[in-house]
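A lone chain, given as structure tokens: the form predicted alone.
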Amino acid sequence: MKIERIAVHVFEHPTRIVRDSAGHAHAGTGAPGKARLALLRLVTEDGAEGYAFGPPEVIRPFVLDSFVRKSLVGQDAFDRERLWHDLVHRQRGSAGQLTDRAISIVEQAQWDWAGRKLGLPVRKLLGGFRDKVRAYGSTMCGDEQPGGLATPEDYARFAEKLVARGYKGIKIHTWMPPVAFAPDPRRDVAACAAVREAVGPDIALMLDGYHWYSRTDALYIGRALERLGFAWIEEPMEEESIESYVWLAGQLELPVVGPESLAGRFLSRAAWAREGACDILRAGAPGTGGITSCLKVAHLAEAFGMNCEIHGNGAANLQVVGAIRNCEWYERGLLHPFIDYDEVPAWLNSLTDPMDREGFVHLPNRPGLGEDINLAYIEAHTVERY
């Protein structure tokens, strides 16, 4: 089945999320603002469509015209592996314009098309393993808002609410610049200790802190988390320095998970597994070059006897979690006391990842990526097409 065209609709939607100067998401305190999101539509010659969402800046017209359409239009939509490799090959000559995230959006639309065409969820095409998964509540990073996530006590109170909601695991993102007092390893440890005291010993806790701590700061935090019985530590240092992570993992009994944001798709993660830079591999479909690459990381981890914890929420990541054995959690968030994560986004008719009171997300049985898209809303709020 030949791909006939690839189109993008950029649309506006209300949001209560604001971003600081470093790009971190926080809860807005005023009336909802407006944000833009892009819907990529892959259409085959029979009129069937596949969809994927992403930032307009990532799948802008130059990227589509120069790389994506040249690779995909006129090709068999079922040849996902071949077309993925063709896009990756084009990255070298793109001067950094064709990113892994752009490839991921395009590839997600291919998977969504295939699932919709065959009437199956993507996880079944990947080789389904489960129908539900435990979720951990993943907080936004710290802020300076009264009653938000400004103090260790704020984190403790919010953790109690998350446990009452049903979460059996919580991941804390602590404070990062431009917050005035960040970074501060002792404040990070104080927040972790406050959360542990608030939720007791039976809730799994994880930390994703400031990403540029020194080795000594990372070791100080890691040893404190060992005493607090945490499940893992994530990205406390620059991930380009694999040597630093080999050193840290060798010093701690606490599992180190990574890499989260390192480029190189499954290739760089192979080195982390081989060198012992982590105890749990990390990959997510949006940041690792798509579902295809994310699945390669999960199978690589399995070959080393390691888990692969999937980074981030969303339909694509949830489908990967549903297709692999060596993953314990789904990351649900980002969460904040002032944000209702269970509120359905304007461009969807229902949540993609609803969670029950026991802390399980049940994977959708809708075909494709499982998103219940409100195409009428998107059409009515489209501000740009290309």
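Just so you know, these numbers come straight off a predicted model, no measurement behind them. Residue indices: 1-based, along the sequence shown.
Although not depicted, the form predicted in complex with a small molecule is the subject of the following passage.
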Should Val179 be classed as touching the small molecule in the model of the complex when contacts are defined as heavy atoms within 4.5 Å?
-> no
Closest heavy atom of His311 to the small molecule in the model of the complex, within 4.5 Å or not?
-> yes
For Arg269, is any heavy atom within 4.5 Å of the small molecule in the model of the complex, or not?
-> no
Any non-hydrogen atom of Asp184 within 4.5 angstroms of the small molecule in the model of the complex | no
State the residue from Asp79, Glu260, Glu302, Asp217 whose non-hydrogen atoms include one within 4.5 Å of the small molecule in the model of the complex.
-> Glu260
Heavy atom within 4.5 Å of the small molecule in the model of the complex: which of Ile221, Cys141, Cys192, Ala231 fits that? Just give me the one.
-> Cys141
Have a look at 205 to 213, 127 to 135, 152 to 160, 71 to 79 and name the one stretch with heavy atoms inside 4.5 Å of the small molecule in the model of the complex.
-> 205 to 213
